[in-house]
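Quick heads-up: it's one chain on its own, the form predicted on its own, in structure tokens.
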Amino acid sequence: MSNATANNLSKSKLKLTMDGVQNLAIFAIFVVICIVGFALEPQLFPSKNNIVNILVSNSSVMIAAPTMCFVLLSGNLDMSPNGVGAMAGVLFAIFARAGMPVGVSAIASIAIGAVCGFLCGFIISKLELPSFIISLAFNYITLGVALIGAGGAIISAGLPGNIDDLSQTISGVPLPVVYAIIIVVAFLIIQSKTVFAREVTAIGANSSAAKLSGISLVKNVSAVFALNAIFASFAGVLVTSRFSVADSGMLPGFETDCIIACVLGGTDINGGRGTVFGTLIGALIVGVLTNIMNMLGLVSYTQNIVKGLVLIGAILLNDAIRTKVKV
């Protein structure tokens, strides 16, 4: 092999894609935030208990954000995870209280959530209606079901003693964190290896061209909304399991948290660009930032201001990379 050929191969291996540049930038920001946390609280921040607390408190977002990334990649928005997750959590408690085994109760409630998600995506894609409005309508519907199921309050009495089986620990690691890691790894593989992921991205990049090339918008959009509902439902079930209480308001702002994680991670809200890896880092940035602000004793409304500024900064960074960086 000639030196010129070797050099060309070396250069081709080192060449970064736009998503690669974005991931490196967002990961660097995450590292800087962690360094700040360590500098402010050198004893507490890096402790095992604090790290586990960050992961557990953000496990719901880490579970549902990868599929929200796929929804955004398709050029759509899903505003229903809050309602779908709450409905699944309440149904899980109702089924378990009625004597159904905990595992079966979880599967049944997640399946009902999946049906809602599929219907939402099918209506959006088949009738070509705006995803924001239709998914918001489904959010209201499912929240209503959750409120009715919980009697407008919470369900705590009569639940089986083993309802928390889904949220126990394995070798000191809480199961919600284990689930989150497995799901993230699974969707990293799905995004990099499957035709489904490429078709979803193509739809978001140019839906007309995707349709002309034979890609089914109805099938793919219905699938991503169903997947998003499945993992939002799973998150709701886990919250009910963790606290042994089903609350119709258990996931306030859940859909917003998932979208923020995706956007922070470089996912284009207009579709066609983004990665599950970036979404994971985005979720961790929100979690670590919140943890630091809690340690500093900042009140919630001050934290909201900081999160808003960080989100604006992320959007500006994404725009700068997209328009100015050449790869």
Partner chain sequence: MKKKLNINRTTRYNIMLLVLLAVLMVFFTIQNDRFLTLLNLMGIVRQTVPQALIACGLCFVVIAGGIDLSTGSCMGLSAIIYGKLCLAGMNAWLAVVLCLVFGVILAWINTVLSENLKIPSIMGTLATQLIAGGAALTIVKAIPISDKLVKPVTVMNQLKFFDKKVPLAFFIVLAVVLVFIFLEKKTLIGKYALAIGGNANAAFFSGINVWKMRFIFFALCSVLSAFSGVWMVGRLGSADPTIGRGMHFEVLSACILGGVNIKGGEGTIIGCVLGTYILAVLTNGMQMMDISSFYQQVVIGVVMLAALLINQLTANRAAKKAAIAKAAA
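Note that the structure is a prediction, hence the values are computed from the model and not measured. Positions refer to the first chain, counted from 1.
Keep in mind the form predicted together with the partner chain is missing from the figure; the text below concerns it.
Note on contacts: among L217, A202, M79, V177, the single residue with a heavy atom within 4.5 Å of the partner chain in the model of the complex is M79. Of the residues G158, G172, G99, P130, just one reaches the partner chain in the model of the complex with a heavy atom at 4.5 Å or closer; this is P130.
Under a 4.5 angstroms non-hydrogen atom cutoff, the partner chain in the model of the complex has I259 among its neighbouring residues. In the model of the complex, none of the heavy atoms of F187 sits within 4.5 Å of a heavy atom of the partner chain. Taking the partner from the other structure, the partner chain in the model of the complex has no heavy atom within 4.5 Å of any heavy atom of F231. Contact check for G249: every heavy atom lies farther than 4.5 Å from the partner chain in the model of the complex.
With the partner chain omitted here, the record of contacts in the model of the complex names 135-143 of 217-225, 135-143, 192-200, 91-99, defined by a heavy atom within 4.5 Å. In the model of the complex, the partner chain lies within 4.5 angstroms of at least one heavy atom of each of the following residues of 148-172: I148, G151, G152, in sequence order.
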